[in-house]
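Before any questions on binding or motion, here is one chain by itself as structure tokens, the form predicted alone.
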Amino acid sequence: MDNLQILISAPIFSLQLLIDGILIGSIFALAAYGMAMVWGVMKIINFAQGEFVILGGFLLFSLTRVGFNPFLAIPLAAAGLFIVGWVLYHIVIVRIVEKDLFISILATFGIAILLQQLMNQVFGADVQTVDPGLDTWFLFDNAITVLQIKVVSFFIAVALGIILALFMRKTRLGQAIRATAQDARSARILGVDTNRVYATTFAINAAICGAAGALVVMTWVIQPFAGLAYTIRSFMIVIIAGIGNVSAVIFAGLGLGAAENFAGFLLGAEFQAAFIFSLLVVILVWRNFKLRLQRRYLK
């Protein structure tokens, strides 16, 4: 209640939380966009999404340790995750495409555990971060602080989202991905290599997560077992926004970032993760209730 009183008596703190939340939410939206692609095209819920994000962060961390500029290393982290996604598709995912949804959850959850243990062995269990070498802006007579890396990450995430949207609309491969998402059988009849589309979609999703993870390690910290929170966030955003609605994914990501920031301030940082999981339960119950009402109305 004391923190709530602070927000009421000093609204400038609310503005601080809102700005930070929106900037943070852009990275959540970027990872969620990749999950929406895989879910929409392949009908797979990727429970290794967060591990892809964390692995991308560790790749950028490793590249900076050998002398790479962190911003120039972002495309390399994305490329590395693209290869990881491509390999995992041909080893595991190809065997579960068009199978029962529950099978995909189990398979990708297994991938998540494997990646956690591999990252723990290779990079260690310590919390890591990368200094991007940027400063802090002080606004409104130093009442609000804005880290420049958060602003840069916001614009990078937006730019990547625009590039992906143009790729899906303007390129032949993007059009093939959209056709496969609408009706895979019809796409195959028309000559689309759906196996190649599935492999590319999963690899692009991994690359998106790699870029998101590169932004995460420069903005916050990473740790091998921190991926689940990003998986849950991505899942929540897709549930709220729906599959195929890019603008809704963006707004849902920004909204989640703001809500999580306010919850962390009001409830305490130790309850921030609990807020995420509780919110997921509420959203799932609400969606189930809404679906039942729609079915009852159709009858």
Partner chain sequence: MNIPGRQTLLYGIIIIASLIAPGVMPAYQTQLAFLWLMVVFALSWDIIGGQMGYNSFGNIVFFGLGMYATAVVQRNMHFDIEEYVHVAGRVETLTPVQYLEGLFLGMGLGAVIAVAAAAVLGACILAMGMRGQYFGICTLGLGVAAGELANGWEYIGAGSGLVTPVFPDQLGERGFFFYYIFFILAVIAFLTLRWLYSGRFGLAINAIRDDEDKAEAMGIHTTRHKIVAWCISAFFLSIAGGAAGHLIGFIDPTEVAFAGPTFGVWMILMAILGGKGTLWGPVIGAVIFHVTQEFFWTYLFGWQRVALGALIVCIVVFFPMGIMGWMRERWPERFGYRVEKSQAAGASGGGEL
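Nothing here was measured: the structure is a model prediction, and the numbers come from that model. Numbering follows the first chain given and starts at 1.
Keep in mind that the form predicted in complex with its partner chain is missing from the display, and what follows is about it.
Looking at 163-171, 150-158, 137-145, 103-111, the stretch with residues near its partner chain in the predicted complex, meaning non-hydrogen atoms within 4.5 angstroms, turns out to be 103-111. Screening Gln121, Ser186, Thr129, Gln175 for any heavy atom within 4.5 Å of its partner chain in the predicted complex leaves a single hit, Gln121.
Of the candidates Tyr230, Tyr33, Phe58, Phe47, Phe47 is the one whose heavy atoms come within 4.5 Å of its partner chain in the predicted complex; the others do not. For Ile239, a non-hydrogen atom is located within 4.5 Å of its partner chain in the predicted complex, even though that partner is not displayed. Using a 4.5 Å cutoff between non-hydrogen atoms, Phe235 counts as a contact of its partner chain in the predicted complex.
Mapping the unseen interface onto this chain, Phe68 falls outside it, with no heavy atom inside 4.5 Å of its partner chain in the predicted complex.
At a distance threshold of 4.5 angstroms between non-hydrogen atoms, Ala181 is out of contact with its partner chain in the predicted complex. In sequence order, Val92, Arg95, Ile96 are the residues of 62-98 having a heavy atom within 4.5 Å of its partner chain in the predicted complex; the partner itself is omitted from this view.
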